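Shown here is one chain on its own, the form predicted on its own, set out as structure tokens.
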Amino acid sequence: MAKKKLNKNWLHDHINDPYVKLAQKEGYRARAVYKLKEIDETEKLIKPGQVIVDLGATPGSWSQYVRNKLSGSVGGGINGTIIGLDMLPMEPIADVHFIQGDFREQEVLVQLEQVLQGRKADLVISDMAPNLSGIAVADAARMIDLIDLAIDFAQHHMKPSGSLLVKCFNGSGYSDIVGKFRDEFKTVVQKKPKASRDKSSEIFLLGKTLKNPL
């Protein structure tokens, strides 16, 4: 009964959420786009001509935003390269190279290299999150695993001067994640965008310039 009530409350909040309404109005696939938008506007992450990789891209709102930022004239393609990666399928987005699969697997990496053509990413963005069990220790471990994957990906596929933006949760294990970022990046910024729900422990970490590029 409590779960049913919880779902009903979530649905009510979701339907009345101003960011959900705005996403529908502006044609974005998810409200998460406004988290990236706010961070981008303050940190000036996305610039014409960049190579940008979107980890955990599905359903695609972050890739949509990046595409809009890199687009020139209407219908004139984009100035840059966008690569979306996810284990789940994603509806196509114009000018976005989408690769479905686990980026730890050779087959996926081969496809990635074909798109990169020897280039490295200027920016890696990750909205990846584990399926939460409600068990704090287990969930923290899963989150740390995803962060490790994103950092490892950045070390292999990002320019030394590039930036990595990841989603994480401010709870058990968070200080360890911040420590990992400080070990790997010269500048680390913590971000809690307005579009992130007040009751959510969600927070974003931005690492700029790799200390130990491979």
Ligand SMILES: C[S@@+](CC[C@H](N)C(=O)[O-])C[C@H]1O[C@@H](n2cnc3c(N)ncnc32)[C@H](O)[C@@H]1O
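Residue numbers run from 1 along the displayed sequence. In this text, all values refer to a predicted model and were calculated from it rather than measured experimentally.
There is another form of this protein, the form predicted in complex with the ligand, and it is not shown here; the text below is about that form.
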**Within 4.5 Å of the ligand in the model of the complex, all of Pro48, Leu123 and Lys159 (non-hydrogen atom)** = no
**Prompt:** Which of 185-193, 37-45, 55-63, 171-179 has heavy atoms within 4.5 Å of the ligand in the model of the complex?
**Reply:** 55-63
**Request:** Give a yes/no on whether Val110 approaches the ligand to within 4.5 Å in the model of the complex, heavy atoms considered.
**Result:** no
**Request:** Considering only heavy atoms, tell me if Lys69 and the ligand come within 4.5 Å of each other in the model of the complex.
**Result:** no
**Message:** Using a 4.5 angstroms cut-off on non-hydrogen atoms, would Met87 count as touching the ligand in the model of the complex?
**Reply:** yes
**Request:** May I ask you to check whether Asp102 falls inside a 4.5 Å heavy atom distance of the ligand in the model of the complex?
**Result:** yes
**Request:** For the heavy atom contacts within 4.5 Å of the ligand in the model of the complex, list the residues of 108-142 involved, in sequence order.
**Result:** Asp127, Met128, Ala129
